[in-house]
Structures are given as C-alpha cells and as structure tokens.
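Look below for two forms of one protein chain, each set out as structure tokens: first structure 1, then structure 2.
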Structure 1
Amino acid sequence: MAEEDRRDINIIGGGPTGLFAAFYAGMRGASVRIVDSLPELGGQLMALYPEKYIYDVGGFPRITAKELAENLIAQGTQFDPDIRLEEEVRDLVADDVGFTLLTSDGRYPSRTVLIAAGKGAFAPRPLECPGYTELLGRGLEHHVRAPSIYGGKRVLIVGGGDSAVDWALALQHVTDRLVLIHRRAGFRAHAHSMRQLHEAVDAGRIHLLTFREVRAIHGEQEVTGVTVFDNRTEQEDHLEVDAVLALIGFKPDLGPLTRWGLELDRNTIRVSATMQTNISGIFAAGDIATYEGKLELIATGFSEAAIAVNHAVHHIDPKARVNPGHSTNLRVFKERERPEAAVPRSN
C-alpha cells in the first residue's frame, strides 16, 4: 500500500463518537479513515433503534436516532474521510510511523488510532439450553432474514424487547401461528409497540405467554418443538414449532481488541484524561472507553472524541496546539462558506 494512504487517524467505529471524531479531525486539518463492520454509518443509532427518540443531546429537544445519525454523517463526512464499511477489524500492528490496521479486506496504515467501537461488535445473546448449539441455523435464528420464510409456519419468538415485539408485530401478517414468550410481565419494548401487541393478542393474531422461558429445543435436522417452562411454577409445556426466533438482545464482544495489549476493564478500555490508552498513539472514546466517573452517553462520547482528536493531533505534531480554539473563528469554515473572506484583499 502506498505511503500516501497513511492517514493521521484510523477511527475504529462509525457510530456517533467515531463520526464526531471524524468531523473534529477534519476541522483540525487531520486526515482520517473510518472502519466499521456494519454496512452503514451511524452505529447503534441506525442498527438498533433508528425510530426511537433521543432527548439528551445538546441542541435537540428531541430527535430520532436516525435523524441524529444523518446529521452526524453529514457533519462527519464533510472533510472526506476514507470510509471502509462491512470490514471486520482483525489486528493492529505497530510500525515505524504509527500503526497498521488489518481488516477482513485491507491493510490501513495511520499515525494514530482512535477506538470508538461502542460496545464492540454485537454478538446475539444465546439461549442457554439443550438443543441450542445443534439447531442454530436450522430453524433457530437470532435474526429474521426474510419474513416470507415464516409464511404459514408455527413460530415461537422469545424476548421482551423491541426486537421481539417488532418482529411479532411484523410476522403476524405472514403467519397466524405465532407465539411470543417473555420471562416476566414487564416488557422493554416501546409503549406504542406494546399497545399494538395487546391489540394483536386481543384479536387472537399473536398468542402471548409471560413468565415463560425455553428449557430445551428439539429436532433432529430442523427445529420441531420446544419445551417451555413457567418460571413461577416450574410447570413444563411442549410446543410444536417449525421455527424459534431468539430475540433476547446482544452481548458486547470486543473481539480482537482484547489481544492488542490494551489495558482493559471488563468490556471497556482504560484511558487517561487525554483519552489515550496505555499504548502511546492509541486513543479510545465513547462507550468503549472508561475512566473514573465515566458516563455512557452520546453527549460524553462527543466530548471524549474532541479530547482524543486534539491530543492525537498534538501527538502527531507536538508543535500543534492541543486547544483548537473556537470553531466560529476557524479559517477552515470561513474558507468554505465565504472563500473570499479568507483571502486578504489588496486595494
């Protein structure tokens, strides 16, 4: 790979923190590359809850996650970052100038690295019961690949979050043999979705069972049934089903990041007040970074991105000031908005 492909900052993660970092780096004149395993930018905002309202981002009394992601993408891509989507980060190798990031598709050199990978890659939470491993992908799934697959089938959905309830609401239109079970009476899903769920249950389109959990999944080649138990009475029931959708959330998975010699604290990376990790030139920000007093909020992710980028810029060029000054006064914006304003006039 040619040396000109070396960016100032390789940003791992294209969620809110990574996107704001990309903007901030551009503002500071630093070149960046964003690498993400997801097919689109926006991180959890787009992948997990695009329609949900967010109320605690400064300047927006209320904004949907999708709209916030769109604004962040517009802001974060204005300085032309090199964007690599659907690439899984595999390894990071130190070299003479900085680091080379190895992904499923390429080798990307940079001077510094900013890890803004949120909770890491998302691994679906497994059902811990007999039959799970053998029947995963054989009628037992964590994702709906295509609703039509379930046309007319006997389907069991497990979970009480938005994924389970949204898919129950969607699949009621392709099959009338749909059972939703959840381990308690309270649900995590949107209130609006819950109203729709209760309407569908009252109309007999979805069969809802609460305080139920899966004890075993049965089938030779494909799922043919499940044993479900009532967690208050331990009473077991056998349900004949063709498909099980285990939509019970995700667990964080830092994957290869755990092998880079970074100081970890459970599923997070320890950083100093400058957002630098224990490895000089590698910074972390957002949900993946931890320090005393840490709050996992989008608002803190933005602030941490700014701190990390300013220190990365200073790391690359010790003569560059850490403090960026106020964006209202920065030449880079004046030149873009009113090119003549930046050019001294001669009369």
Structure 2
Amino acid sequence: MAEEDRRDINIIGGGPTGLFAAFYAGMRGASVRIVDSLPELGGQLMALYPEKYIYDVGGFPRITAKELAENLIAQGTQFDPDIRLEEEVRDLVADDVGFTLLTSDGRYPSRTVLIAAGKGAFAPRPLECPGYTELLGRGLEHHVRAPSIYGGKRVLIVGGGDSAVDWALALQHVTDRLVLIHRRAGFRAHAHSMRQLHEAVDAGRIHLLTFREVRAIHGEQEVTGVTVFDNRTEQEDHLEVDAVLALIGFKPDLGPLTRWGLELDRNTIRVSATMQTNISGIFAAGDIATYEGKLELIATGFSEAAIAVNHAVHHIDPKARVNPGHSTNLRVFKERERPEAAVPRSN
C-alpha cells in the first residue's frame, strides 16, 4: 500500500470499542483504518447475540445488540474510515514513521495503533464428536445468524451459559421443537433467565435434558440427527433434529499479538492510565486492555476508546490538546449545521 495512504490510527477490531474509537478519532480530525477478521462490523454484538437485549449502555433503557451495533456503525463510520473486513491480522512491524500492520490481504501503514480486539480472535469451543467437522456450517453453528432460519425446525441447543439459555428463550416460539441439553444440572446463566427457562420447560415449549452430552452428529449434506448420552449412565438416545447450536463458549486467543513484545497479563494487554501499552504509539482499549480496577463493560470500552484516541492524537502531534472539550463546541459539528432559512415577515 502506498505511503500516502498511511493513516493516523490503525484500529484492530470493529466491535463497539473500535467503532467508538473510529468516531472519536474522526471528531479529532485523525484519519482511521479499521481492520477486522469478521465479515461485518459490530464484533460480538452482531456475531454472537444480535437479538439479545442489553440494559447497561447509557441512554438506552433496553436495546438489542443488533440495534446497538447498527447505531455504533452509523456513528463510527460517519467520518469515512478505511474499512478492511475479513482480513486476519498476521503481524505488526515498526517503521520510521510508525507501524505497518500486515494482514492476510495487505500492508497498512499508520502513525499509531489502537488494539480493540475484544478477547482476541474468535475460537469457538468445538464439540469433540464424529460429524462435527463435516457438518459445521451445514446445520451446525456456533452462533445464531438470524432467528428466522430456525422457523419450523427441530433444533438442539448445547450449552449451559447465558448464550445457550438466552437463545433457547428467544427461539422457543420460532422452532417446531426445541431441546436444550447441558452436561450437568447447574447452569451459568442469570437467575432471571433461569426462571424464564423453567417456566418455558413447564409449559412444554422447551425440552430440557441435563447430564447429557453429544456423542455424534448425523447427516450427509446437512444435519439430520444427533446421538446424545447420559454422562452418569452412558445410556444413549437418538434425536432427530434439523439444526444444532453449539453454544458452549469461545476460547480467548490473542494470536499474533503475543509476538509483538506487548506486556501481557494472561489473555489481556496491560496499559497505562492513557491506555498506552509498553510500546510507545500502541494503545489498547476494551476487553483486551487491563489495569487495576478494570471493569469489562461496553460502557467502559467507550471511555477507554476516547482516552486512547486523545492520547494517540497527542502522540502524533505533541502540540495537540489531549482534552478536546465537549463535542457540542467542536468546529467539526458546527460546520455541519445549516443556518435556519430566513422566513420573510408578513406585512
């Protein structure tokens, strides 16, 4: 890529934190590029639980993850960032001006880098059984792309966390038959969700089987059934199903980030109060960043994105103010406002 296309900030990650960082950078007049391995912006909001309600984002008493993502995308792209999707980050190389990000498809130079990659690359936990590899994407999925896909189908959900329980509740009125299995009696879901689950089970809308695991997934071109077993007795049962949702979590994987010389704390990157890593010019924000007192919330990620961007701008130009002031007073927005048309007075 030509040197003239060097951006002020390369943002790794197109989720909530990365999108808000792109907006804030544009507000500060900084040029931005967003790089993400997923096929669409929105991160986990779109990829994992688009229909799930979120309650702890300022200004929204209740909003679905998809709606929040759409709002963030509209906000984050209004200053026309360069967007590179479905590109896997391979390496980061320092140069005389800043850094060059190497991906599966290109080389992207920038003056600074902001890592907003959530928990790293998505690495879904697999079902260790025959048929898993062959039928993945053919009725076997790790997340719900759209509830309507499962309309009138026989669906098996595997898992015992919030994602499995929430999707069982969301799909109970969509599917023809819905079975939820979990390998033990205890669940890791919210108490309110569990109350709703038991109500749905009592009403016959969801069939719940505990101490069950998948032994095999059957089908040639697509899923047609599964073999499940009781892990206490080894007794097997065959279930005819049209789809399997393996909602058993994701393994955090920082991938190539572990080779960049960053100070790591398990699967997170240690940052200072300015969100800068131990490498000058590289910042981190969102779930991937850690410091004393850290809270892993979307709202926290927004604040960290603003801090990181402001200090990245100051890093690029030491004369630039770190604190830009309130957005209502910024020229970039005042220039967008059109003066009200003069209305002639009647005599």
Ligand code: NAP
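Here the structure is a predicted model, which means the values were calculated and not measured. Counting starts at 1 with the first residue of structure 1 and goes up one by one along its sequence. In this text, rigid core is short for the largest set of C-alphas that superpose within 1.5 Å between two forms.
Only structure 1 is derived from the form predicted in complex with the named molecule. H143 shows a C-alpha shift of 2 Å or greater between structures 1 and 2 [criterion: core-superposed Cα displacement of 2 Å].
Superposed on the core, the two forms barely differ at K251: its CA moves less than 2 Å between structures 1 and 2.
With the core held fixed, E88 shows a CA shift below 2 Å between structures 1 and 2. For L209, the Cα deviation between structures 1 and 2 after core superposition amounts to 3.6 Å. Core superposition places the C-alpha of L178 9.7 Å apart between structures 1 and 2.
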